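One chain comes next, on its own, written out as structure tokens in the form predicted on its own.
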Amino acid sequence: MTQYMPSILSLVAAATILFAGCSPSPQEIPRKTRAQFGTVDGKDVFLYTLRNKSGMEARITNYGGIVVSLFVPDKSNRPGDVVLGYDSLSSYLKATPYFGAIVGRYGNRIGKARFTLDGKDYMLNANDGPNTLHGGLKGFDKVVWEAAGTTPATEPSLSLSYLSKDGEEGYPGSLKATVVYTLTDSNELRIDYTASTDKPTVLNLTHHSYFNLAGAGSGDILSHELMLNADKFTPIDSGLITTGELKPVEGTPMDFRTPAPVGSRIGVKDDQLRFGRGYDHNWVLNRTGEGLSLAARVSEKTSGRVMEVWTTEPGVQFYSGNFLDGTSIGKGGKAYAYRTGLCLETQHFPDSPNKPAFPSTVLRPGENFKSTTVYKFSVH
């Protein structure tokens, strides 16, 4: 299925040299480069490197739209890789908990792997017990996207497109999806999503990086301070499917309106934490207007790194890495143990096709789906 290509370890070494005291001036460093990463089903897979003027670097592959590495300066202006991932394409092909990927056609869960649209029932591929998770058996994270040429810009970007055919994984309509990654000179990783369809369908695209602001493979994320801009969340049942309620966070372990360490309440006796094995829930964002709105802020004391998440979406899934168990051997040979990464997946609510009261995820012919999420980095 795949031909093994050299790992990104050599690229990591090169990055270390670039950021050393003898590094060339920003004008001498290419803003965007491409290297062969392997092949899948006869299709070329590349690793694209985007570099900004402020010391950030993103490495993204057109297989699954995966952010393989994201180097962010710390408080001493030393870059560190803050996302979990692998050194080689072959590792992503063996097994991965969606490290860094674009997920779709429907991110998160759809209960009982089915939904009804315009009076017609659709059966999906179940890949999470009786439910569908992140698009099914072969979601958007497991396909080769087409990298399109982009107009030269002051900030490096990568445009990826994929045509999901009618009936793929059980979803109706041929869907054309485009995702544009931009690395801004303000230390932001911006993700712009667009899509169109030729038949009514449901759509919920999101990004699935596991973040550790102290550095990937450097320990758990329980001391990371988290703020979630949400007064309510969507409770789940024992199968991790939303109940349809919008429940206030006040007086529950789900209240992150005031920054608190991720681990401060994760072990308390609470049915929601028991069902999720920790945090694996959708928060209902306190949105203002139609544009970008602050969803979350995370900070890590040792590195001084801060990450803000801004989005046009109505919800965010906070996942505390509860299913990581050390069997995933990541970049540099580091094992990703229990809760060593956290996800902040901007989204529409889980199981919305079966919850009429939730914001609609239906996309119809003639409509243009648009969504934007920005991961903004700084230090304190």
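Residue positions are given as counts along the sequence shown, with the first one as 1. Since the structure is predicted, the reported quantities are computational estimates derived from the model, not experimental observations.
Unshown form predicted in complex with a small molecule; subsequent notes refer to it.
Q: Ok, P172, P73, P253, P97: which has a heavy atom sitting within 4.5 Å of the small molecule in the model of the complex?
A: In short, P97.
Q: Taking the small molecule in the model of the complex as the reference, which of L160, L133, V143, L93 has a non-hydrogen atom within 4.5 Å?
A: Only one option qualifies, and that one is L133.
Q: 75 to 83, 202 to 210, 283 to 291, 217 to 225: which one contacts the small molecule in the model of the complex at 4.5 Å, heavy atom to heavy atom?
A: Careful reading of the contacts points to 202 to 210.
Q: Should V180 be counted as a contact of the small molecule in the model of the complex, where contact means heavy atoms within 4.5 Å?
A: No, V180 sits far enough from the small molecule in the model of the complex that none of its heavy atoms falls within 4.5 Å.
Q: Looking in the model of the complex, any heavy atom of E313 within 4.5 Å of the small molecule?
A: So E313 does not count as contacting the small molecule.
Q: Might L240 be said to contact the small molecule in the model of the complex, defining contact as any heavy atom within 4.5 Å?
A: Judged by the heavy-atom cut-off of 4.5 Å, L240 is in contact with the small molecule in the model of the complex.
Q: Is the gap between N354 and the small molecule in the model of the complex 4.5 Å or less for some heavy atom pair?
A: Although the small molecule is absent here, N354 would stay clear of it in the model of the complex, with no heavy atoms inside 4.5 Å.
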